[in-house]
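Encoded as structure tokens, the following chain is the form predicted alone, with no partner shown.
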């Protein structure tokens, strides 16, 4: 038996579970190597032939990462049950499944960046595609970094390893089957990892509730601590206010509007880009819709299970002040209270959670770097063999870059809340407009992206640090950023020409978007591209 620095004992049986999972994932890469090397479409989309339940499982597995229980734990520990509204952004999938998902799948674009060339025309479309391709290459590297940083924290806590070893080791294991089999390896491993992770999350969360005295024991202990309000997801510190440490009704209303209405758009959330890959890998429009709806629904169920477990952790360890310490709460429930033999299953589940997200972002980041940068701008005549080879090199580049970034990250919760919705506040409305309004052009969308990135960092991080702006609550930051960026893209929309009408007509006939497209629809009917 091996005893970790925290006093947690790993028996030989625990290590057997861990090693078996790692070998299973590597075998996936070997089995699907031949499929992954056939073409660019196979390496990045599994040939566009998947039934809905495979990409659905992948949607859930991808968004169940080692950082996810940390930032959800952080939100629930800080805010009580009302913190469940922070990860509620996943509800956008319910609207998207029957609106923007269908539009995107009909376009047959391999990526969100490529879709810009189909939706828009001219120089603006080219600049927008290059911008999104470069941004998504970096963002996938950034996501890999904070997921790997989360795994590093777990290994420091569990084994007392140097941080760099936890950051590098398991992410490198994942890179083996992603490099070998591409998206085929990702999707088949995700299916196994999704099932394993859901079972492990349920097991550990229920065990934590049991240890805390069961539901009635948690209720009683919260009452004794004077913290009964933590059980109420609708407990607000007033309707609105400017205290950055409070949770107002306006925070809830903002999150609700953002998550549901946002499903009409494309690119509203950091989640949209992995989901876009799953959409295009489905064998039909219907399969794409079902996959996004089901994956998002299971993610919301998972969040609810976690929320109850974190309330259990709170009554066991109340009043922890350090964010970096209490966001480890769910992991502590498993490692400190599960019996020997089950600890290995828990750790194997954590590795599954980690690998499912790492594999997606390695392959997705490589898709943008290969399809939208190398193939579109550098070598349009590249053969399928060359594209697969470049895809593997780009995967390796993303892996190394994520290690460099991952070693600099400490707190997970603050980064995730910023990246998941505050950083997208300014492009929330533009991402909807590009789907529902024909007149919204490439220059308007490009300007909203640039303005949003600059203003989000200024408003949330830079100006408060310089003392030029107070720390504002999240709901104020969201609507402030939405308004500031609107001052840029609204004038740009009307000061620049609409996209080429013939281009818009071809796009309309192919994707059949909903909304304000009447002039384009009438032209498509006149040209006989669609029925009246």
Partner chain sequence: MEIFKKNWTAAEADRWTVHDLLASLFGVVAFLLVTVGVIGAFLLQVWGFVCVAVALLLAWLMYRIIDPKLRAMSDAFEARQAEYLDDLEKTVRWEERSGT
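Everything numeric in this text was worked out from a predicted model, so none of it was measured. Numbering follows the first chain given and starts at 1.
A second form of this protein, the form predicted together with its partner chain, is not displayed here; the remarks below concern that form.
This chain is displayed without its partner chain, yet in the predicted complex the stretch 213 to 221 from 213 to 221, 136 to 144, 169 to 177, 388 to 396 comes within 4.5 Å of it by heavy atoms. Not displayed here, its partner chain is approached by residue 307 to within 4.5 Å at the level of heavy atoms in the predicted complex.
Shown alone here, residue 325 lies farther than 4.5 Å from its partner chain in the predicted complex, counting heavy atoms only. Taking non-hydrogen atoms only, residue 236 never approaches its partner chain to within 4.5 angstroms in the predicted complex.
When contacts are judged by a 4.5 Å heavy atom cut-off, residue 260 counts as touching its partner chain in the predicted complex.
Distance criterion of 4.5 Å from any heavy atom to its partner chain in the predicted complex singles out 290 from the list 272, 290, 449, 157. Out of the listed residues 316, 405, 225, 285, 285 is the one that sits within 4.5 Å of its partner chain in the predicted complex by at least one heavy atom. Contact annotation for 92 to 114: residues with any non-hydrogen atom within 4.5 angstroms of its partner chain in the predicted complex are 93, 94, 95, 98, 99, 102, 103, 105, 106, 107, 108, 109, 114, listed in sequence order.
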